[in-house]
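Heads up, the chain below is alone and in the form predicted alone; it's given as structure tokens.
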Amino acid sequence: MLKDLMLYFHIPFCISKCAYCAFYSSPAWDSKLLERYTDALTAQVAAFDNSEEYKIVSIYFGGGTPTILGAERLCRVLAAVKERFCIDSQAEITLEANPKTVDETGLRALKEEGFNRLSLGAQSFNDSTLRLLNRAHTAADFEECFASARRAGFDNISADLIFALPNENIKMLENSVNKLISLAPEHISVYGLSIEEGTPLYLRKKEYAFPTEEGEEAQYEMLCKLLGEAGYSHYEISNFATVGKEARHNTGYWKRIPYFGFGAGAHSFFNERRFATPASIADYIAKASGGLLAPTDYHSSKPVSAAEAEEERIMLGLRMKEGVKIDESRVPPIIIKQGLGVYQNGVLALTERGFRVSNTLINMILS
């Protein structure tokens, strides 16, 4: 019987670095570097040993901005995967895209090759906010890209929004949420702004007005209400979907399905080890032809212990609306008493209020 496996491809290129971004990516690239990086990805895919033992249930191209590679190179990488692996007929094949880096012709080529899900970064529909965040697109650019994707045949589109943004009030966020709802994507991811040390936004945070803790809570409650009324199920802490359109790839992460990451800065959970490729484009290109594991720190990583696996199961499972099986003795009574979670039939599931303080609750359970 074939073993389920997910694949992740990290494309660490972007037009410009977003002010809040702490992921590994670089705005310094040219066509020669993109070509060399594509060759490195396909070489690492070709080096995958015992690929016939696996069934690929999900493929995700993230970044950075994957569409910087262009449709032809992206299709070449996906073709290499098809040649090497058995891909499940229902596999979800997702591509993150920036509205300014792909057109309808490219989208049609991607759809024809087998990409069946797009993840588009809206973040906000207020152009002043987008400029502050150093986003490379406007609200109008997003709407045109969304329309182009629909014309190209994509019937599974996810969009990202960020709340608790600088210089944005709750009315501005409400306008963004309602605008996105009017476009009717199948999936919406909503993230509270995280100001990571070392990012441009962190260095300039004193220049901006951020919502108070109470204001942030009000924004969260408002967007949950609007999305719920629009028919989106809040199936995971940060994710909402229409029926049957929950993200299979991210759900796989939360359910600990093994995945292998290709590319500079990519992470993997494979052979019961968690390991990564160092965040260096040059290093990755130099090592990719040396074999599947050559670019990674696999051999210096330790297998996940049984105790660590159990902690992961609880921590990741509590991200989801369906919850996780856990002995009642491990559930702090305060979680139930304060309406932060529900315990039924041996399963603990956090409520929307519980989602907001999930890290604290998980620490209570695991301590």
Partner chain sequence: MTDISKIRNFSIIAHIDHGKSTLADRLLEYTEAVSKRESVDRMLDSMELERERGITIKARAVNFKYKADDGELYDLNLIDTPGHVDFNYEVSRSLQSCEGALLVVDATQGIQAQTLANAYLAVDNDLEILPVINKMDLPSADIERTKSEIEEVVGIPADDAPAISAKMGTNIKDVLEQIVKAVPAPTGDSNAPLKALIFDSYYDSYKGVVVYIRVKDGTVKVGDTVKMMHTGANFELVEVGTLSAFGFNPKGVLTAGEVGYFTASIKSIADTEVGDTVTLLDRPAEEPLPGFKKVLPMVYSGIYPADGAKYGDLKDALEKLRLNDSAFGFEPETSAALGFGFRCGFLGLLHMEIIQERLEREFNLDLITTAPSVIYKITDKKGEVRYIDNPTNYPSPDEIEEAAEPIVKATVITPTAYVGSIMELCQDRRGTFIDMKYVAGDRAELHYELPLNEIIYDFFDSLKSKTKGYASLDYEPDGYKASKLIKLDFLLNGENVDALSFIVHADKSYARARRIVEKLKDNIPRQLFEVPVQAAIGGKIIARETVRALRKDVLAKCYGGDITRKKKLLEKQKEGKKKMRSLGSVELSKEAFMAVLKMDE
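Positions refer to the first chain, counted from 1. Note that this is a predicted model, so its numbers are computed, not measured.
FYI, the form predicted in complex with the partner chain isn't displayed, but the following is about it.
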Checklist entry - Quick one: in the predicted bound form, does every one of 8, 22 and 259 get a heavy atom within 4.5 Å of the partner chain? => result yes
Checklist entry - Which of these stretches, 28-36, 49-57, 322-330, 309-317, has heavy atoms within 4.5 Å of the partner chain in the predicted bound form? => result 309-317
Checklist outcome for this item: Heavy atom within 4.5 Å of the partner chain in the predicted bound form, from candidates 287, 84, 267, 150, belongs to 267
Checklist entry - Hey, in the predicted bound form, does residue 353 get a heavy atom within 4.5 angstroms of the partner chain? => result yes
Checklist entry - Do residue 240 and the partner chain come within 4.5 Å of each other in the predicted bound form, heavy atoms counted? => result no
Next on the checklist: Given that the partner chain is not shown alongside this chain, does residue 43 nevertheless sit within 4.5 Å of it in the predicted bound form, heavy atom to heavy atom?
Outcome noted: no
Checklist entry - Even though the partner chain is not shown here, does residue 166 get within 4.5 Å of it in the predicted bound form, heavy atoms only? => result no
Checklist entry - Does any residue in 188-211 get within 4.5 Å of the partner chain in the predicted bound form, counting heavy atoms only, and if so which ones? => result 191, 192, 194
